[in-house]
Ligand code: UT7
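Shown here is one chain on its own, the form predicted on its own, set out as structure tokens.
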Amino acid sequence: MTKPQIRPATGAQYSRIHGVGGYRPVRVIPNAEVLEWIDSSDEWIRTRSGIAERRWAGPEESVAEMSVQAAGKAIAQAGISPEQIGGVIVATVSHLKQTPAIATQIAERLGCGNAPAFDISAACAGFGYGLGLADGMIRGGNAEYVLVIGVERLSDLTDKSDRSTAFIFGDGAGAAIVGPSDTPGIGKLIWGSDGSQADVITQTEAWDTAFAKSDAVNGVGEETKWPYLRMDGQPVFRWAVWEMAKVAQQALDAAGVTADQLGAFIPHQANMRITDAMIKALKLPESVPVARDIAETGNTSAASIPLAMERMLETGEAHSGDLALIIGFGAGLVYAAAVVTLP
């Protein structure tokens, strides 16, 4: 008897980004306010990071609320209805509830029916990871359109007394609709991790460890300390500058694109000095616009690339149909880079 064969799933030959949207919290935190927390100067912060201000979310600007706002804009730009979305992927490290995934609540609020929805934790590379998963879902026939969201409330994890990190992080959400395309719109994703350096960007303590310390032992307990983000800046800087420039070049090579053919360079908004060093390493022509959203938004981790992409398109620095090199890198250490066609 002939064994039955599984019918193969068939999807679109290619995929692309059809729409992008962002949400920036109302509250602006200028460097002057940060200087009330730490012993520093506006010049030091700007020189070290390129940041002049950042946005911090208020009580009503939850991870879910910011995501819904950003996603609504992306859906509208893509010209589709929420019912057409066959998958919702949310990249975040700052949704503080372990389960259920916040993606399920976002999908329900948007009216995405019974679309599969899940969270991923890939820090500042999260949006790139999400794009790679969405591309595979669409070309594998498991969805027609996928909503990819990068969202963070890093203010919840920022230690205002830590001089090395208090000025860095911001909040916000960025979203993209990925769908079928007649031509290649997302190049090969160059992604990976280096767990040997997991301790250079990390949460100070696990949640269970932090709160276990508040339990009295023989009547004596330690004060509960909220876990915050910590970063060893120099190793991160060296890794990002030297190793991520190589990854970015690999993404260009895999896409068959040269630096002078780009319409935009949109790196994760980690540090202006890192961006400048990568520009030099890639020999990027001065004619290629570069995202520098960090100056007004700070480091928003998984949200930084879609937020910067939206801003470049809105300001006219980049245009629909342009080729853009995107690269995210961060805690893990994780990274993801690709060449994409802008919506």
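For every residue, the number given is its place in the sequence shown, counted from 1. Treat the numbers as computed from the prediction; the structure is a model and nothing was measured.
Just so it is clear, the following notes concern the form predicted together with oxa(dethia)-CoA, a form of the same protein that is not shown.
S.K.: When oxa(dethia)-CoA is placed as it is in the predicted bound form, which of 98-106, 162-170, 78-86, 176-184 ends up with heavy atoms within 4.5 Å of it?
M.R.: Stretch with heavy atoms near the partner: 162-170.
S.K.: Please tell me which of 279, 64, 38, 313 lies within 4.5 Å of oxa(dethia)-CoA in the predicted bound form, judged by heavy atoms.
M.R.: In short, 38.
S.K.: Exactly one residue in 318, 274, 290, 57 has a non-hydrogen atom within 4.5 Å of oxa(dethia)-CoA in the predicted bound form; which is it?
M.R.: When oxa(dethia)-CoA is considered in the predicted bound form, the option within 4.5 Å is 274.
S.K.: Is it the case that residue 228, even though its partner is missing from this view, gets within 4.5 Å of oxa(dethia)-CoA in the predicted bound form, heavy atoms only?
M.R.: Taking the distances in the predicted bound form, the answer for residue 228 is no, it never comes within 4.5 Å of oxa(dethia)-CoA.
S.K.: Even though oxa(dethia)-CoA is not shown here, does residue 191 get within 4.5 Å of it in the predicted bound form, heavy atoms only?
M.R.: No, residue 191 sits far enough from oxa(dethia)-CoA in the predicted bound form that none of its heavy atoms falls within 4.5 Å.
S.K.: Does any heavy atom of residue 299 come within 4.5 Å of a heavy atom of oxa(dethia)-CoA in the predicted bound form?
M.R.: Answer yes; at least one heavy atom of residue 299 falls within 4.5 Å of oxa(dethia)-CoA in the predicted bound form.
S.K.: In the predicted bound form, does residue 233 come within 4.5 Å of oxa(dethia)-CoA, counting heavy atoms only?
M.R.: Taking the distances in the predicted bound form, the answer for residue 233 is yes, it comes within 4.5 Å of oxa(dethia)-CoA.
S.K.: Only counting heavy atoms and a 4.5 Å limit, does any residue of 114-132 reach oxa(dethia)-CoA in the predicted bound form, and if so which ones?
M.R.: If the 4.5 Å heavy-atom criterion is applied to oxa(dethia)-CoA in the predicted bound form, 114-132 yields only 124.
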